[in-house]
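Presented as structure tokens, the chain that follows is alone, the form predicted on its own.
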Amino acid sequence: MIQMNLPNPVMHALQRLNEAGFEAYVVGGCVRDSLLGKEPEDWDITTNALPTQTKAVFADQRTIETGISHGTVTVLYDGMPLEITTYRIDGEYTDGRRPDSITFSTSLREDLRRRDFTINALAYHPKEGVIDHFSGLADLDAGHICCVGDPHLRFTEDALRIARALRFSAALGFKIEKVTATAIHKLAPLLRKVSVERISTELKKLLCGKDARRVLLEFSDVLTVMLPELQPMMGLQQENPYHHLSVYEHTVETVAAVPATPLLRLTMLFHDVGKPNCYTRDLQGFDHFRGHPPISAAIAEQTLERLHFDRQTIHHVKKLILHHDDTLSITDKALKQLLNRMGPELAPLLVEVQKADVWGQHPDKRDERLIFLDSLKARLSELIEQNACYSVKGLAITGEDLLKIGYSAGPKVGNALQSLLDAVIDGSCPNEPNSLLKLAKEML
């Protein structure tokens, strides 16, 4: 019998429900992740106790009626939030997202039957081991994403499950079973019923998955339903010495090449989205996409706003895309100018963006450029660690010091500070009070 290590609050909650005469099992993602050797993000319990009975069992604990109409009570047991849900059977899904009604059940099997994928339809009790009515363990061992029952029914019930299938496939590295995959391709348009907030959540998890590359290539038709802005990139070839892939294929390679953070992977997903808008072919037959960074940045901004991403993410993605094609130099002056332009947070990320962009280009063009970017990143890190002066805030004097030596308040102070910064960056003046004040007096 398979044994799982449950946190003490989870064990005690199961015991309480059992001692009160009810069935209770941990269920869903926490079982799946535990069996995969991963730490569950949260713990869900399913039981035949009705919500009012659950609240009575945990009368001495804080309870929150998070989804009472659907049978869910959150119990804060020793500080750990546990979602405890009554066995249920879902009614019809006329809106393609949520059941019109639910019926409480006394059958664990019926409760598991309504779930999306077999690997999420596993339950566990310390005395009974894993309860597996729908071959979830076999699919877990085989690395398969497979719907519980008829995939067509599962996806028409709730279209979000289509995006979740792709996300699980990317995150876990599991292949989507053939019949399930066929239904996904066929029913992908149903994703238009899903809220943009849900789409953005699933998109971030998909992009950061270890197998995102495969999923983005196999299910590009599904991705363009979620992100129609990407459609013009599909099949657009790049006939020039730097590229051997279509714009979309290149994009996917760059997504896989950059570190798996939402900011960087969103940046790579959209960094060339403006290329179709500025495509030209010269007399020699070479394709060009001049001026695509600002167009890509604008499209990315509009798309992320549509998906209700936070302002900081939108701003950073836009800025990285806008500068992703900049020519970088390894001189200290150029690197300080880069820090001034991008800031110490985004400057190293811009180097990562350019490295990923190179990985998506023709193999013959990679090695020398990657070596250069690695050296540049190392020197950039040194300058950041040394607190090198790259902004007015880093100058050893302030506007008040300029006022004391005769500058009048207003734009002249700001202009003088910028001139002093330029002198520090190009190495003509050390960032030291006496030297700066001497130069400031000369300028005055």
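When you see a residue number, it is the position in the sequence shown, counting from 1. Fair warning: this is a prediction, and the values are worked out from it, not measured in the lab.
Only in words, not in the display: the form predicted in complex with adenosine-5'-triphosphate (ATP), which the text now covers.
Novice: Is it the case in the predicted complex that D42, R114 and R167 each bring at least one heavy atom within 4.5 Å of adenosine-5'-triphosphate (ATP)?
Specialist: Judged in the predicted complex, D42, R114 and R167 all sit within 4.5 Å of adenosine-5'-triphosphate (ATP).
Novice: Select, from the options 22-30, 63-71, 396-404, 375-383, the stretch whose residues sit within 4.5 angstroms of adenosine-5'-triphosphate (ATP) in the predicted complex by heavy atom distance.
Specialist: After filtering at 4.5 Å, what remains is 22-30.
Novice: With the partner left out of view, is T224 within 4.5 angstroms of adenosine-5'-triphosphate (ATP) in the predicted complex by any non-hydrogen atom?
Specialist: No, T224 is distant from the partner.
Novice: Is D158 close enough to adenosine-5'-triphosphate (ATP) in the predicted complex to count, meaning some heavy atom within 4.5 Å?
Specialist: Close contact exists here: in the predicted complex, D158 approaches adenosine-5'-triphosphate (ATP) to within 4.5 Å, heavy atoms only.
Novice: May I ask you to check whether K205 falls inside a 4.5 Å heavy atom distance of adenosine-5'-triphosphate (ATP) in the predicted complex?
Specialist: Yes, K205 sits close enough to adenosine-5'-triphosphate (ATP) in the predicted complex that at least one of its heavy atoms falls within 4.5 Å.
Novice: Closest heavy atom of Q231 to adenosine-5'-triphosphate (ATP) in the predicted complex, within 4.5 Å or not?
Specialist: Close contact is absent here: in the predicted complex, Q231 is far from adenosine-5'-triphosphate (ATP), nothing within 4.5 Å, heavy atoms only.
Novice: So which of N120, S105, S220, S200 gets a non-hydrogen atom within 4.5 Å of adenosine-5'-triphosphate (ATP) in the predicted complex?
Specialist: When adenosine-5'-triphosphate (ATP) is considered in the predicted complex, the option within 4.5 Å is N120.
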